[in-house]
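Coming up is one lone chain in structure tokens, specifically the form predicted alone.
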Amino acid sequence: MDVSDLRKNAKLEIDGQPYVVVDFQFVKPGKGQGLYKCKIKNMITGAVLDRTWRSGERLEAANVESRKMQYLYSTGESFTFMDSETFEQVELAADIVGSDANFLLDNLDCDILFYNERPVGLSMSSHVVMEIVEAEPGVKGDTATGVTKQAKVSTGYEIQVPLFIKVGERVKIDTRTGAYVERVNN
């Protein structure tokens, strides 16, 4: 692959190890070639590196395969997923799942990333719908624009929501930022 194909979440291989682009920036100095400054994360060890490439350089694309799997349960140190067609189960370590653990609901479909038949990552949909299980009551008269309150969803994740959200309501959450998006009517 060419350096110009680099984007956030692009998978590449360096020294036989799969990496994913975490942060990406193109810099064009006053004279000379453009530079591609990237933060890349090793998909196996989790190590994050800063790398810079010049325009025109070639990179090796990682042989990363994605399979649709369903989340089953967590033991604390690992998360178990199952292939709906073959019923094969795969465990991912908690450090690989990372902050996505806040949005894993039972039977949720996810894409598990495999590198040389080894599970190395998790890719979720950009939004999930979750139920509010705990929320402070809104204070009457406190209706300034953009006022939020703390609420807890069914996985225990805490989020800032508008004052009108009550316990039992369902909300859409952006899994990339962890932020409230909108209320969902049943």
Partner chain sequence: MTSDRSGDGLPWGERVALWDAALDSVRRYLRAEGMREVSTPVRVAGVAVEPFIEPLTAPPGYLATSPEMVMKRLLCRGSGSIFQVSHVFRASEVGAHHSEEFHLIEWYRLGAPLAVARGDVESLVDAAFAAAGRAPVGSWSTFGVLELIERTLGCGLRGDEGAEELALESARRGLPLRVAGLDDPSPEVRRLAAWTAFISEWSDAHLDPWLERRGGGVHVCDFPPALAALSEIREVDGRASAARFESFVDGVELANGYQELRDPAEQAARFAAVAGLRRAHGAPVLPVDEGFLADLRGFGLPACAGVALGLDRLLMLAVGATRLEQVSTALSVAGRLDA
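Everything numeric in this text was worked out from a predicted model, so none of it was measured. Between two forms, the rigid core is the largest collection of C-alphas that superpose within 1.5 Å. Numbering follows the first chain given and starts at 1.
Beyond what is shown, the protein has a form predicted in complex with its partner chain; the following relates to that form.
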Indicate whether Tyr157 is a 4.5 Å heavy atom neighbour of its partner chain in the model of the complex. no
Taking any heavy atom pair closer than or equal to 4.5 Å as contact, tell me whether Gln33 reaches its partner chain in the model of the complex. yes
How about Asn63: is it within 4.5 Å of its partner chain in the model of the complex, going by heavy atoms? no
Can you work out whether Glu57 and its partner chain are in contact in the model of the complex, taking contact to mean some heavy atom pair no more than 4.5 Å apart? yes
Which single stretch, out of 114-122, 25-33, 127-135, 41-49, brings residue heavy atoms within 4.5 Å of its partner chain in the model of the complex? 25-33
Of Arg67, Lys149, Lys152, Lys37, which one comes within 4.5 Å of its partner chain in the model of the complex, counting heavy atoms only? Lys37
Is it true that Thr177 shifts between the shown form and the other one by 2 Å or more at the Cα, once the core is aligned? no
At a 2 Å cut-off on C-alpha positions, does Thr52 qualify as shifted between the shown form and the other one after fitting the rigid core? yes
